[in-house]
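Only one chain is given next, in structure tokens, and it is the form predicted alone.
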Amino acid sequence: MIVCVAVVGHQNNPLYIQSFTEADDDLKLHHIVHCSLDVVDERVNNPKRSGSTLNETFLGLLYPTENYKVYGYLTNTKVKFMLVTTDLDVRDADVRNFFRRFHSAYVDAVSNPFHVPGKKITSRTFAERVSNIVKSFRLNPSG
């Protein structure tokens, strides 16, 4: 189950963060996303050690915790997308597909002439589209 998605700017400033849990753990999820930014920086600055290529936008599993797994995606403009899930067995192909759809929604949101680059995304259309992607996209354990 997807519990949180986030868009983080190239200067590690949060542009959009949305949790999909009924519990009041927004601050905890924000902290988990923030902690995973160190792993993103490490993988981007040391691509040889992590095994990813320079052209790879999908960063894979970034930050596993006891209850959550954080996956990352990096755009060409160094904007980071984060996905926090409670599922422990998730296929990378499913997460890649999610990020592809999420990236498309992000591009549409920032292509709005009234959006100021680098500022928080406040578009209701973007929020609804993200909610629809999360609802339609069930990360099912393989098996």
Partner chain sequence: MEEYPEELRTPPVSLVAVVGCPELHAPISTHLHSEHPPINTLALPDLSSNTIASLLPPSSSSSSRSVDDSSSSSASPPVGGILKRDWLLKHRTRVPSVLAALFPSDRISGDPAQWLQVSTDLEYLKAALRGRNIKLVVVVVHSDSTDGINEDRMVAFRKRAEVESKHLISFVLSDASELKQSLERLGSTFAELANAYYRDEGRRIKARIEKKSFSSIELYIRYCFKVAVYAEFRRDWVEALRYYEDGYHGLREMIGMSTRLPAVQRLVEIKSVAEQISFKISTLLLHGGKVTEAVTWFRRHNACYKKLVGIPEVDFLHWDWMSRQYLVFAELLETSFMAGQSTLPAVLGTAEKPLSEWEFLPAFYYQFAAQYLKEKRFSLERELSMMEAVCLDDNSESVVSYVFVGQYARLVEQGDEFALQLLTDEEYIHHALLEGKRFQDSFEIIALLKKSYESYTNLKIPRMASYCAFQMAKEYFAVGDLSNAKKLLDSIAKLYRQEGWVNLLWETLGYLRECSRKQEILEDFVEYSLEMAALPVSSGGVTKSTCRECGPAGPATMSRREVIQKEVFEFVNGKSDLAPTEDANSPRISKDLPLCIEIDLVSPLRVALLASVAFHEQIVKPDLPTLLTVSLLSQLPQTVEIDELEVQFNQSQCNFIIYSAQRHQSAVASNSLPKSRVEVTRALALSANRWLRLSYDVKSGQSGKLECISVIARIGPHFTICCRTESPASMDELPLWKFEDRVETFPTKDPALTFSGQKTIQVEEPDAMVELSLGASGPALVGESFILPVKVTSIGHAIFCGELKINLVDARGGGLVSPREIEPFSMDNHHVELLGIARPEGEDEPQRGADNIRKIQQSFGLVSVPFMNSGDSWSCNLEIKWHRPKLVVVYISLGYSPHCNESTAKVHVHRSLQIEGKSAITISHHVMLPYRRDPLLLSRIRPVPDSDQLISLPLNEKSILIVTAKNCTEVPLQLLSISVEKDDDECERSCCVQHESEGLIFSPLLVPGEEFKKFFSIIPEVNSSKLRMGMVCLRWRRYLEPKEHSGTFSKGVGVLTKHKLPNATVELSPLIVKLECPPYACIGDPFAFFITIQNQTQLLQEIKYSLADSQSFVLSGSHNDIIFLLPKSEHAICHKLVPLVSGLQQLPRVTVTSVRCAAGFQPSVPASSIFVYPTKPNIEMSWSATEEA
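Values in this document were obtained by computation on a predicted structure and should not be read as measured data. Positions refer to the first chain, counted from 1.
In what follows, reference is made to the form predicted together with the partner chain, a form of this protein that is not presented.
The partner chain is not drawn, but in the predicted complex it has no heavy atom within 4.5 Å of H103. Contact check for L83: no non-hydrogen atom falls within 4.5 Å of the partner chain in the predicted complex. Contact annotation for L37: at least one heavy atom lies within 4.5 Å of the partner chain in the predicted complex. Using a 4.5 angstroms limit between non-hydrogen atoms, S131 is distant from the partner chain in the predicted complex.
In sequence order, T65, E66 are the residues of 65-95 having a heavy atom within 4.5 Å of the partner chain in the predicted complex; the partner itself is omitted from this view.
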